[in-house]
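Heads up, the chain below is alone and in the form predicted on its own; it's given as structure tokens.
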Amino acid sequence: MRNDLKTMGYLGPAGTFSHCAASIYKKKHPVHLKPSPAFTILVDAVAKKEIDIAIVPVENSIEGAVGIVLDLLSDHATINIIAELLLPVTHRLLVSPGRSLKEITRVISHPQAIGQCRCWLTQHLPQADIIETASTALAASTIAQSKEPWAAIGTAVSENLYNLHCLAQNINDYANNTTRFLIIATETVPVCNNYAYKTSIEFTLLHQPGALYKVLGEFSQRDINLTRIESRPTKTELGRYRFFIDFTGHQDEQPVSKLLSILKQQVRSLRVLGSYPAGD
């Protein structure tokens, strides 16, 4: 390993979908990969510059936003999004060799993976208890160490790492299952004409009629395309929300820079989370 390699953190252990996404990123951007046991620890390590960058899932085409990641991005003012990566996701039902489907009494996995396979589980394993764990790889590791008739929802990487058997492939309820990952750092990305960009912002609204309507209208007037909008509670009081919007363009380009100047006058608070090359 070269000493000048950046360190990229991911939700571990090895074999998670975050690990798969990090491995794909590594093919084009050589980095040293470092697992982390929790998103909170991972993002905090970037903010404290204990690691250079991290890769985190922000939304899935079936289950929607990863709320804890949005909250962590909001809580760390020094964190910036510098890239995104779209990962097609297929789930496998993993068991210890010799187990059959009718034996399974418990299925273990990350909440997102469980949610993406809910219909399949109801149809094929109605007798099984569904247990959530911190990651798909931890679920696979648990199955590998247990003598109980349990199964894990996980990746092909986990299947090989933990010497498990795949009872069923592609058990996600929808075929075009994709997870969007963000690469985060304390640095920012300068604009370059070779790329199409996205910008992500978060803001809170003034408490007045039509506040969100006015904000969204500014995008329409400038023909700036929104690619995502989410809301999360501010956790200060009931009915107060923080909004997250992604849209096309870079914050240093017109008309985005003009838009941001106007929005700052219309909202209670606004922060640019990053401008970065749009992923494929």
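All residue numbers refer to positions in the sequence shown, first residue = 1. Computed from a predicted model, the values in this text were never measured in an experiment.
Another form exists, predicted together with a further copy of the same chain; not displayed. Remarks below refer to it.
Select from the listed residues S96, S74, T204, T133 the one whose heavy atoms reach within 4.5 Å of a further copy of the same chain in the predicted complex. Looking at S96, S74, T204, T133 one by one, just T133 meets the 4.5 Å heavy-atom criterion.
Flag V157 as yes or no: does it have a non-hydrogen atom within 4.5 angstroms of any non-hydrogen atom of a further copy of the same chain in the predicted complex? Output for V157 is no: heavy atoms all beyond 4.5 Å of a further copy of the same chain.
With the partner left out of view, is I62 within 4.5 angstroms of a further copy of the same chain in the predicted complex by any non-hydrogen atom? Yes, I62 lies within 4.5 Å of a further copy of the same chain in the predicted complex.
Touches a further copy of the same chain in the predicted complex: H124 (any heavy atom, 4.5 Å): No, no contact at 4.5 Å.
Verify the contact flag for R180: yes if a non-hydrogen atom of it lies within 4.5 Å of a non-hydrogen atom of a further copy of the same chain in the predicted complex, no if not. Yes - in the predicted complex, heavy atoms of R180 and a further copy of the same chain come within 4.5 Å of each other.
Of these, 23 to 31, 45 to 53, 230 to 238, 248 to 256, which stretch puts a heavy atom within 4.5 angstroms of a further copy of the same chain in the predicted complex? Contact-bearing stretch, as computed: 230 to 238.
Just give me the residues of 20 to 44, first to last, that have a heavy atom within 4.5 Å of a further copy of the same chain in the predicted complex. Going through 20 to 44 in order - heavy atoms within 4.5 Å of a further copy of the same chain in the predicted complex - there are no hits.
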